[in-house]
Each structure stands twice: as C-alpha cells, then as structure tokens.
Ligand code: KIV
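The form predicted alone is given below as one chain in structure tokens.
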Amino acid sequence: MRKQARSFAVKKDTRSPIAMLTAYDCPTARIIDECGADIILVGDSVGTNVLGYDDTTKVTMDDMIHHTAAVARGVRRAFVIGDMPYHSYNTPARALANARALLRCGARAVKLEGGAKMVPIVRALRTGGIDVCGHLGYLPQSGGKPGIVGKTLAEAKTLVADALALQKAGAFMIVLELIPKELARAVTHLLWVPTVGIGAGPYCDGQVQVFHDAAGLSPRVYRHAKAFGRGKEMFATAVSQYVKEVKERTFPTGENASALTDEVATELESWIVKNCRL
C-alpha cells in the first residue's frame, strides 16, 4: 500500500475525520481541492448526475477514463479515487487492466462494489500495486431502488464479514452506503482501515457526498444528504439575468469588447466599400 493511502489509516487512528466529495470535471475538482477535501471520488454516479443515464450500470470505462482525467487535471493536493464501472472488474485480469487505465489518467486508487466475493479481485489489484477502496451496503451497480441495508441480524452479520474480508484482502478504505448507524459504528470499531459513510450516520471515520447534492444542484435533497449551498438557485439567477440582458441588448456593452483604432477602422471601411460590396 502506498504512503498516501496508508495516511488515511493514520487519520483514523488520530480521529481526524476524512472529507470526501465526488467530482466529474476539472472546474469542480479544482474548487473541491482548494477547499481542503481529503479525497475526490470520480464516482460512476457521473452517469445519473451528469450524463443523463437512468442508472449507473450504463456507465462505461470510456466514460470513467474521460471524467477521471478531467478531474485529475484540476487537482493539486487531494487524493483521487476512480470508480470501477459496472462489468469492468468481472475477472481479476479485466479488473487489473481497467484499474491501470484509471491510474494512467490520474487516479491514485480505485473503488469497487461488493463484499467477500470481491476478495480475489482486490487481491489481484493489490498484487498489481493498485490501492483499492471497497464499497458495502447499498450497491448501486446491483440494481434496485436505494434502501437501507443491514436492518436484520443476518444482513448485519454478512456486512461485518464482508468488511473484514475486504480489509484482509488489502482494501485501504471502505465506503458504507445506506446502512444503520449502529452497524456503521460496529464496523468502524472493528476495522483498522477507515470507513467513509454516505447515509451511514456520524460514527464512520469520514463522510462522502455527491457534489451536486452538497452544492444544492440536485432536483431533490435526499434524507442521507444535505444541501450546504443553493447552487441551483444561484445558477438559475445568473442564467436568467444573462438571457434577459442579451434579449434587451444591454449586454454586451463597449466595456465587454475590444476596438480598432480610428485609423484602422477607417481603412477597413474603405477597403470593404471598394472590394466587398456588390
């Protein structure tokens, strides 16, 4: 495991919370990086938040490579994790090839969904020198409506076993999505690697949110999320004002344009009269 990936275990030991946000483009990544987030996740949620897909299963490796590269260009400090899209890690060989592609375009680690059944994949990636973040609880790539996972004792036991298996296989971090807060606390206390929650309560070692939710750009605010700004209203106000001023011909003004010198303008007009008019 490389030094920066190991540093998150130190954060866990020192109880220094890990702040993670998604980003899908360079300008957003630059803002998140400058604001001090520890990790930027180039999530396959790009499919539903940016690309207009119905769900994340339609996201391709080409999509993830394109957006991971864009994010990496805007980052100077934060740790970039690239999501492995649906069917991109069906076999160890395929997972290794696709993970290497994400690292080549700027990711420092990859994330994949699933528990104990992912152990051979995680081990193969670790053997190949690639740091892996696990993902347990609600798994968007598995389909179905989002819902709380781990409410029964049997589900909770399975999730704990999956978390321990991923840690043993070499995962340096595990995302816990939509699980009860008590279960998240138990898993967090059991593991030496950090947990990062989304809809998993306050006891994880860190939190991750979708940028569009946090910035107030999403059509709705989910229970597990919080809009920390009013991005949608801010952008709507700016765009509406732009459209209004263009239609009223109050934008642009002379201050928004450059000008020829009087001499060049006169010469150009003379040349047009002589050479361009029918």
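As the structure is a prediction and not an experimental result, all values here were calculated from the model. Each residue number is its position in the shown sequence, starting from 1.
The same protein has a further form, the form predicted together with this ligand, not shown here; the description that follows concerns it.
Checklist entry - Which listed residue (A95, A72, I198, V193) meets the criterion of a heavy atom within 4.5 Å of this ligand in the model of the complex? => result Result of the distance check: I198.
Item to check | in the model of the complex, the residue from V210, I65, I32, I39 that sits within 4.5 Å of this ligand by heavy atoms | outcome: Spelling it out, the residue with a heavy atom inside the cut-off is V210.
Checklist entry - Is there a non-hydrogen atom of S45 within 4.5 angstroms of a non-hydrogen atom of this ligand in the model of the complex? => result Yes, contact at 4.5 Å.
Checklist entry - Can you check whether K111 is within 4.5 Å of this ligand in the model of the complex, heavy atom basis? => result Although this ligand is absent here, K111 would touch it in the model of the complex, with heavy atoms inside 4.5 Å.
Checklist entry - Would V175 count as a contact of this ligand in the model of the complex, using a 4.5 angstroms cut-off between non-hydrogen atoms? => result Although this ligand is absent here, V175 would touch it in the model of the complex, with heavy atoms inside 4.5 Å.
Checklist entry - Hey, of 117-125, 165-173, 202-210, 180-188, which bit sits against this ligand in the model of the complex at 4.5 Å between non-hydrogen atoms? => result In short, 202-210.
Item to check | Any residue of 68-105 that, in the model of the complex, places a heavy atom within 4.5 Å of this ligand | outcome: Contacting residue: only D83.
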